[in-house]
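Read on for two forms of one protein chain; each stands alone as structure tokens, with the labels structure 1 and structure 2.
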Structure 1
């Protein structure tokens, strides 16, 4: 029996090796670099202790990036899940071209984030942007959509939410289709209307789907990089930076790989803590069928 169990553990060896090569080693290397003054290019560097941590936590960039990262993560998650659930309830019904509607909603999710970002940039840019060209055509003044801090942040949120709302829709659709039909039929016999059936039966049984969707969307929102990079590159100034774009800015623009590694560890801890709290919360909400 022990020999059989030993052979079964061998099947885990390839996954463990891959995880070590692409997760553990880069993580430990990132921790090591965070204690150096390496510029990302030079063959030489020296250890500077906690200097990178001290200077980063005193910088305005980190404060802006953390606030924006939380804002992108929370607001995008809420929008994606509310719209995703509404879409799932709609496309779960039988109607003509139902599969085409599902594909249309999910299609943006298969587009690379940087491509989606540049597509949207060609719509919102001040000179030559499609939206401003249409406004000028109707006699209106051009608007610098991405030049205003608040407006630029909301454009980033809306673009990211629209791109990945299809992921939430598919998760909720799978959850809805997994609800036993006899529970719905029994509630209809008891006289429950559609709203009561959704609140009292479907929604509690969708907790595993809600948990998965919230976690996926939240992690994606907290790691948001490519759409911001393509639309604003953190501008105007540093006002729209997320932690992802701040890491890129510190490494390549400032040539400070040590501080970039420090910011990467801050982002890792932020995602880990929020994911842990969310997972613990939703575990307590699950119900037995």
Structure 2
């Protein structure tokens, strides 16, 4: 009997091997490569000590990429949550088109980010782009939307936010539908108006939804890669790089895999630290029912 009991633990073996091969070993390898001058493909490399760390932390690319990554993460989270909550409250009402509205808001979220990026290029392109057609229609000058640093960053943020706002909407919708109706009825009897009901009753009960939506959007924004790859590929210059595209740029364009691995560790720590802080913050906020 005992031996049969232990045979069950063999069930854990495939997952354990996969995690080891493709997560834990790469994690250690990543630390090791960050101390080398590996170029990304050759068999030979040298250990260079802390050189990659020193040069990376002095480089403009890392500063730009970290600032952008935080900007993408934070602003996308704000837009997606505010708009997502509004959408959720709206499609939670009863009207004929509510199911279609919900369907179309969520639709872009199932399209691959990189393909969405290219489709958006049809809108933001300088010559022939759909947006510039409108500018011309109103007699304004054409604008090189993706040619300017600040504008390009905002376009990346808006494209990403609009693509994935449906995810937040779904989370909030689930949260809203999970609120017991007797609480709402009780507050109505007590004379609370719609606004008071929302602030005092619904919002506190939505904290679990808010916390998962914030976390998902934040991590999604910090990992942003495909949309940037499709729309600007880091340009103009290096101004729109996120940590994700910077790693790709260092690895392939610069053939500096040692530095790319170092940048990977920086991103890892960044995401790890931010999700830890957010988890701690939201844990203290949940209300008991």
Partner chain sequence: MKKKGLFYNLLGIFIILFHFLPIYITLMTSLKQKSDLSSRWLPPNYLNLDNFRFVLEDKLFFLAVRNTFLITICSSIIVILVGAMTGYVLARKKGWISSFMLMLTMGVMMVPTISLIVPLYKVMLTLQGINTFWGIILLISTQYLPISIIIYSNFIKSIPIDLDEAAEIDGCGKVSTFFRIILPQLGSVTTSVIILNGVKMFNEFVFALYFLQTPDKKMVTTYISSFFSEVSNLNVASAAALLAILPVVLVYLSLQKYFIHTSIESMGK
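The structure displayed is predicted, hence computed values, not measured ones. Numbering follows the first chain given and starts at 1. Throughout, rigid core stands for the largest set of C-alpha atoms superposing within 1.5 Å between the two forms.
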(Q) Can you tell which of the two structures I gave is the form predicted alone? (A) 1
Q) After the core is matched up, is the C-alpha of residue 19 off by 2 Å or more between structures 1 and 2? A) yes
